[in-house]
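What follows is one chain in structure tokens, specifically the form predicted on its own.
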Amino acid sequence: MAEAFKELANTINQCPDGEEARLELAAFSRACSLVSPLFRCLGIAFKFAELDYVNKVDDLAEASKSILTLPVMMDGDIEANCVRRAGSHTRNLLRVKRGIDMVKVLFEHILSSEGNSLKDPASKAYAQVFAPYHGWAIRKAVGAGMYALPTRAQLLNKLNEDETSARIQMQNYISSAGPVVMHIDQLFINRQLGIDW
């Protein structure tokens, strides 16, 4: 997962200043699909995120069969006047970007926290990334589900990582997912689409 995002970040970083990176939709959706198992490992608290995320990544993967890059995909939705419509590729991209960001923020909180509980890191990450876009009922369900999170040790075991390797992989993901999230935000901002919807 970290390696796939590192490749995306390298593509973005190699783009000359002032030029928009031509991030390939196929490579992006492939990298995003590697995040899905992590949501699954987090259990019921993130079941909604897993289902929503997987569906939207699948849509982007399907779109990549006929659309080469993220900018071309977004420009097509703008021309078709369907950017904010449920199911549009651009709307799905925004939701997938939040999933990538959620995992990044979760890893940041895990790395900066002590103990075996994931409740505090997961609660903080959810509050920061997803909660502003969710209604009361979803926020309440997620809050209740936080008590069913695996422990840190259980999560690492499910991911076949030990403490040392997990720390390295999380840090690698954080440093490569950050530029990808910022790049996607910039794609939306450059097209005056906003990112808070």
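Numbers for residues come from their place in the sequence shown, where the first is 1. The structure presented is a predicted model; accordingly, all values stated were derived computationally and were not measured.
Absent from the display: the form predicted together with a small molecule. The rest refers to it.
The three marked residues, Asp52, Phe130 and Leu149, each reach the small molecule in the predicted bound form, with a heavy atom inside 4.5 Å. Checking 24-32, 59-67, 133-141, 156-164 against the small molecule in the predicted bound form, the stretch whose residues place heavy atoms within 4.5 Å of it is 133-141.
Interface residue remark: His109 is not counted as part of the site for the small molecule in the predicted bound form, having no heavy atom within 4.5 Å. Taking non-hydrogen atoms only, His89 never approaches the small molecule to within 4.5 angstroms in the predicted bound form. For the chain shown alone, Met170 is not a contact residue for the small molecule in the predicted bound form, no non-hydrogen atom being within 4.5 angstroms. Using a 4.5 angstroms limit between non-hydrogen atoms, Met102 touches the small molecule in the predicted bound form.
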